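Coming up is one lone chain in C-alpha cells, specifically the form predicted on its own.
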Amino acid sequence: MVIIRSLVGNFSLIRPSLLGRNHCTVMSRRLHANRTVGVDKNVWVEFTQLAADYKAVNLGQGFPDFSPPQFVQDAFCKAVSGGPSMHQYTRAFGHPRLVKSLAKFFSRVVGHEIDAFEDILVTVGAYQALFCAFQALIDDGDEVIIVEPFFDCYQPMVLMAGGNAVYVPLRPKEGSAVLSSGDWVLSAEELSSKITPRTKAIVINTPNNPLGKVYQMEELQMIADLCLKHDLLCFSDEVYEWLTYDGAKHVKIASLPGMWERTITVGSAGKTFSATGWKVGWAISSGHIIKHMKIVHQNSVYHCATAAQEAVASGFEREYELFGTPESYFQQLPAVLHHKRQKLASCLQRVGLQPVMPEGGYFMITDISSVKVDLNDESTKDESYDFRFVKWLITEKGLATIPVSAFFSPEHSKEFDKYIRFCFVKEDSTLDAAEDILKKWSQKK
C-alpha cells in the first residue's frame, strides 16, 4: 500500500512536466496537405468578424434577418415532435419524402422526368453540393471555366480537386450607362477562346451573386452550344432561382436540348425558404453523374439532418399545389424583396451613388469610384481599393458591406475594385438604419 501511494505521488509530480514537454513538441514534417495551400483566405470569415467586432449594421453577409414563412416553421416543429425516426438517420442521399417532392416539383419545371432516387443528391447546403460536384467530376489538370463575378467558393473548390480555374468575366456594355445587371454581358468569342482540350466544365451562377444578372435564353443557348460542341459539363448554381424582378425570367440551362445529360443544377432550401441556417441543399442531374457525387457524399458528410429535410419536403409539397398563384411563397418573397430593392436603390441614389439594379437575387452592387475618402489606414495599404473602403465603412461608419473584387480572379479583380455589394434581404428597420448612416456621411462630405 505504501508502494502504491509512493507511485501515485511520483506520477502526480511527473505528469505535469510530461504534459508541458508534449505541449511544446512540434512535428518536424509538414502538417498541411498541398490542397490547402492558397485557399486559406475567406472574405466571409474576415468581414463577418469585423462587422461583429464593430457592431455594424450588417448589409454584408447574405442572409435574412427575418424568419422563414410560418408554414415551414410549423413543418419543422411538427418534424421534431414527430417521433423517434425524425431524430435518427434517414437515407444517406436524401430523405425519401424530400427527394420525392423535389423530383415531382422540378420535373414540371425542367420538362424532364426526374428520378427521385437516381437523379437527386441532398446535401448540407448548396456549398456541399458544389463540393461534391468538383470532387467527383474534376481531376488533376482539368480546366474549369468560371464566369465572373462568381461566388468565391468555386475557385478554391476547383483547386482542391486538382483542377485549374480559367476565368471569363461578364463585362458592362461599352458606350452606355450601366443601370441594370442586364447591361453586363458575356462575350461568346471570349468564352470560346478559353476552351482547350483540357477543359472539363463551365460554371455559371444565375441569378448571379453579387451582380444580380439573370441569364437570358440567348446567353444560355450560347453556353449550351459550346458545352455540346466540346463535350463539356455545366455546373449551374441556381440558388436564387425564385428571386427575379421587372419581368426577368429564370431559365434552367438543364432544360435546353441536350443539356440534361451534362448539367449539374445546384439548389438551396436556405435561399428558397429564407432558412439559411437549416443547411439543406441539393444537386439535380442525370443519374450517371449523380452516382459519382454520391460517392464523395457518402465518404464525407454521409447524411443531412432528417427533421430539416422533412420540413423542406413539406414546403415543396405546399408550393407544388400553389405554384403560380398569389398564395405561393415563390410569388410572395420576390414581391417583398422588390420593395426592399427599390428602397435600397433610392437610398444609394440619394447619397450620390449609382447602384446597378439587379434583375434577380438579393444583392445590389454600386460604383464607389466617385466617392472621395481618405483611406489612411497603413495596415490596409496593400489591399484592393474596395477592401480598404469596406473596412473603413465598417470601422468608421458602422455599416458592413462586401468588396466586389472578392468575386473576381486575381487577373481581373483590379478592373472591378471600385464596386461594393449591399444585401437587401433585411428588415426595413435594418435598411433604415443603413440609410441613416449613409445620410449622415453624405451630409459631412
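The first residue of the sequence shown is number 1, and the count goes up from there. Being a predicted model, the structure only gives us computed values, none of them experimental.
Keep in mind that the form predicted in complex with ligand GLN is not shown, yet the notes after this line are about it.
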{"item": "Which of 408 to 416, 28 to 36, 380 to 388, 54 to 62 lines the interface with ligand GLN in the predicted complex (heavy atom within 4.5 Å)", "value": "54 to 62"}
{"item": "Residue (of Y127, W184, Y329, F105) lying close to ligand GLN in the predicted complex, criterion heavy atoms within 4.5 Å", "value": "Y127"}
{"item": "Listed residue that, although ligand GLN is not shown, lies within 4.5 Å of it in the predicted complex (heavy atoms), from T366, N209, T306, T263", "value": "N209"}
{"item": "Contact of F235 with ligand GLN in the predicted complex (heavy atom, 4.5 Å)", "value": "no"}
{"item": "4.5 angstroms heavy atom contact with ligand GLN in the predicted complex for W242", "value": "no"}
{"item": "Partner contact for K271 in the predicted complex: ligand GLN, 4.5 angstroms, heavy atom", "value": "yes"}
{"item": "Proximity of F71 to ligand GLN in the predicted complex, heavy atoms at 4.5 Å", "value": "no"}
{"item": "Residues in 292 to 309 with any heavy atom within 4.5 Å of ligand GLN in the predicted complex", "value": "none"}
